[in-house]
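The form predicted alone is given below as one chain in structure tokens.
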Amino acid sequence: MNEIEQIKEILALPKDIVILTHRNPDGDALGSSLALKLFLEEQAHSVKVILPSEYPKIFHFLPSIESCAVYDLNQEYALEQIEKAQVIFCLDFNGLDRIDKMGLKVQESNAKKILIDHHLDPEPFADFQFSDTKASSTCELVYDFIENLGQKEKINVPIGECILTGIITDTGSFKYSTNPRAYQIASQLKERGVDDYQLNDKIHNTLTEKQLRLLGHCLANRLELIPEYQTGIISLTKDDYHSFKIGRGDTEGIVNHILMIDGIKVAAFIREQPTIVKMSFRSKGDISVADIARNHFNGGGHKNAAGGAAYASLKDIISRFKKELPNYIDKIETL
């Protein structure tokens, strides 16, 4: 019996199900989790989505997002739900450290664990693993998962909105990490009535004045270009966080603006936080920022989109990043 047939058997009767995704959930994490939740609830399962931390406010429009539990806000409830779960879905992360202390509870659980993810090198903690690094997003894989269960017709507009949100956000509105399947799914969802224009408007055109002023500050005062290595860096200090009262989600997408500059192929967004420095990396073409993140900054991700973190000063992290650039990018002559 193959994995899908086994899962069909597991899901044949109503179950207590928990869906988990990574800390600081993005559009793909939220979209895939909520799409799967809505689908499973249609099959009469009791489903809880638990997020390690709060989600960016721009995703408040997603169907059923208000039902998500947040571990940081109610640890006891989150752990209780994991403990009583009969099935645990792990979406958009490849290792239990991505869900903080909930990871230990998942490891100890006797529930059937199902991983659906598109990141490199998944840890072997799940009973069933649906992993494809070539997928545009975990939402793409959730769509395929539902289709493989023989339930494609159950993908209605709310489920489709969640799935397309993840595909749009993880591909930068189909600018990177695309593949033919992502376009096929988007087409099929549009045929089912999902309004891609409205989704894009909700995702991209709901910035606050503070976020727009912060973006202006980053581009005017915090952008450094290294033309010989086709690289741009934006850094934010603790003082910047205080001055702009930066909260969760306020810096979303800033790193992508660096790659809008002609001739720039690598972007680094480095933020000094109270006890740690966090990094987001983006690249074009064959330059693997995942390697940079994994080898030097305790991180990882995809070839063209990755992140990391380190306990060091902002100055030291920027210096380390610059020092490693020649090992990953060929120097070019500049005028």
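When you see a residue number, it is the position in the sequence shown, counting from 1. Computed from a predicted structure; not experimentally measured.
Same protein, other form: the form predicted in complex with a small molecule, not shown, and the subject of what follows.
- Checked against the small molecule in the predicted complex, the residues N298, Q43, S67, S46 give one hit for a heavy atom within 4.5 Å, which is N298.
- Interface residue among R222, K105, R98, R181 relative to the small molecule in the predicted complex, by the heavy atom within 4.5 Å criterion: R98.
- The stretch among 32-40, 46-54, 59-67, 275-283 whose residues place heavy atoms within 4.5 Å of the small molecule in the predicted complex is 275-283.
- The small molecule in the predicted complex is not approached by G27, whose heavy atoms all lie more than 4.5 angstroms from it.
- Using a 4.5 angstroms limit between non-hydrogen atoms, I270 is distant from the small molecule in the predicted complex.
- The small molecule in the predicted complex is not approached by I287, whose heavy atoms all lie more than 4.5 angstroms from it.
- With a 4.5 Å cutoff on heavy atoms, A306 counts as touching the small molecule in the predicted complex.
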